[in-house]
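One chain comes next, on its own, written out as structure tokens in the form predicted on its own.
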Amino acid sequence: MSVFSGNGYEKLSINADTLAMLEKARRDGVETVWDRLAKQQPQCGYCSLGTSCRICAMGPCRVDPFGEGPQRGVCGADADIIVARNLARMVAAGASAHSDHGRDILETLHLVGEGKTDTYTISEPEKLRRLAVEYGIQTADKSDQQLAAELAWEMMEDYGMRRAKLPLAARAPQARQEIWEKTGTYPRGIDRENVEMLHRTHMGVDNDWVNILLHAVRTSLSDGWGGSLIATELSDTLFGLPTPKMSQMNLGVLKADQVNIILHGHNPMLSEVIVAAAQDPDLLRLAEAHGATGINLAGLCCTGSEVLMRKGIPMAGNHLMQELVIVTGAVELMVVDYQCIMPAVTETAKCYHTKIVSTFDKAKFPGAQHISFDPEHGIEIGKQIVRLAVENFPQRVASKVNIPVEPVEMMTGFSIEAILQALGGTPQPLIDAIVKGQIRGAVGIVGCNNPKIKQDLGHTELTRRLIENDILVVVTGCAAIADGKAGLMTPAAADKAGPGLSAICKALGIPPVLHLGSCVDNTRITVLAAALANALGVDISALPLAGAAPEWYSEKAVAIGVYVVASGIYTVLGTTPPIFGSPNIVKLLTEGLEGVLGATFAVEPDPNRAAVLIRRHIEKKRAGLGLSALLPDSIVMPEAELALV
């Protein structure tokens, strides 16, 4: 039962569809993520500070960083060691999640090379050949299948221990690679760095908190320039390069007269076959026989972004919408793969007719029907899942259906290749616009939703403040869905941008906010940054760039943030990380890394204040490159920000 009532919902979200479904959930007696968060209050202060430890059975221990005298756990670990261990393990878990996603895509490429799948082919032969050359593979007189087999074999070595350096990290500017070599953080093997991170943080191994955190940097880089980058590059190769296209989003994309299937999770292997199966003539006829006018697909989270970018499949919402999309009463089936799927969805589904189908053996959910996904027989499995949805349509209860809003238009599909094509095949027009000051710089706004923050407020407010100051914004994951719902991702949104950025967007017919994909596709941001730095002959840290994660919650986001900073990009977090029990670590991450990696973190929950920090940083970097810098009174800001300047 909801713990909120009346106007209490308004502090939870900026979105009309969310607020309407929260009220419906209350009426239907359905508990949501916000209710469970309220019931958890007050949350553990030691855990919030990062000073609780349960790594060994001598504990659990907690250290009071504000207590008198030395504070130590049973083994003797102080606050610095405990916070470093906990943070490092978050990095390892997050890097493992994204890199294991990359492994799944890589294994699918291997099946294509072996001719053992009835489902997948090489959609982008040119990209396959570029990657093969990057890995030193001879491409002349070889078929796509041969190259797929050889490239898969070479990339599998990236996960092992035979590499001295990950090959894809060579895309970074030479100056950045030298920093990694000097600091001992150049990534070697993806699995190697993750395993070593867990080993180092076992009790009695690495007790130098600086040393622990340096390896956390190396571990994150094995994701950002390894596992995640492999996932992005191979997804493009297998499933197609995203290209600009219009689509729609919010709960209004559900259809009252059609079978609604929600695609939720992160892996495009499954969603691709569901898209194909939903177009099967036999299943469409079966849907009509059951009284539906068609089969409608809609995405959630990053699986949704994958098919949104490539197929134009509309998005129902981001992370915090996964229970509420079921509350509409209009969803026949939610099919899930892995990552960011709340166990609560199966409980919510019991209140409606919705079926939950899990598909990956590494991600099972009590209460869901499990259909083990096998990429060798993907289409067959996809049809089986779609059939379940169609046959569930007659069980829908009309009185429980409420689709609360009309969908919002948005433009998606901005892969690096698509951006370069829009620029005429070279990054030079973008560089020229930055040099002239038409575009002051660029910011990647990424990350999740967190119920501790008013849903989507951090993403959208920060975006508005930046684009109105001629700062180009690129978005991925849940941040993209937030900006899309707010109407910031259509060409018409150029009117909301400053005069320089607006003119560029109107000339190219693009929004001031570009959707680059799912959360693994944050690698598109760092690769594009590297390309710009290489074109200018500087390190990434010299560029007028920044990153922001206003509403992050997951371990994956921690790994992403660390590899973005380690790549030389200043990054602002909106959710407080569990590090404040160690003033030494706070100082290192917010100040000390500048001298080591050329970039730091900042923590600022208020998106307007975060915008000020980012704009100051961008103008500082412009001045460092000898480009025009704005005075503070030249920057557009609301009254709430004026006191900060």
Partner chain sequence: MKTVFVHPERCIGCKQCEMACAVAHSQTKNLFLSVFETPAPKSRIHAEPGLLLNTAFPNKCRHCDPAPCMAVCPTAAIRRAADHPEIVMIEPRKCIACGMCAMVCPFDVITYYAAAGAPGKPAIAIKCDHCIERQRQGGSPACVEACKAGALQFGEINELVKAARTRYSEAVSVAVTQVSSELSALPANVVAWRQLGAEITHLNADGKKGA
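Note that the structure is predicted; figures quoted are calculated from it, not measured. Positions refer to the first chain, counted from 1.
There is also a form predicted together with the partner chain; it is not shown, and the following applies to it.
Whether K39, G45 and R62 jointly form a contact site for the partner chain in the predicted complex is the question; each needs a heavy atom within 4.5 Å. Yes: each residue has a heavy atom within 4.5 Å of the partner.
Quick one: is G592 in contact with the partner chain in the predicted complex, heavy atoms, 4.5 Å cut-off? Heavy-atom contact with the partner chain at 4.5 Å: absent for G592.
Contact flag, G29 vs the partner chain in the predicted complex, heavy atom cut 4.5 Å: No - in the predicted complex, heavy atoms of G29 and the partner chain never come within 4.5 Å of each other.
Counting only non-hydrogen atoms and a 4.5 angstroms cut-off, does T576 reach the partner chain in the predicted complex? Residue-level check for T576: yes, a contact with the partner chain.
A599: heavy atom within 4.5 Å of the partner chain in the predicted complex? A599 lies outside the contact set for the partner chain.
Heavy atom within 4.5 Å of the partner chain in the predicted complex: which of V33, I55, L49, L588 fits that? Just give me the one. So the residue touching the partner chain in the predicted complex, by this definition, is L49.
Along 66-82, which positions have a non-hydrogen atom within 4.5 Å of the partner chain in the predicted complex? Heavy-atom contacts to the partner chain in the predicted complex: F66, G67, E68.
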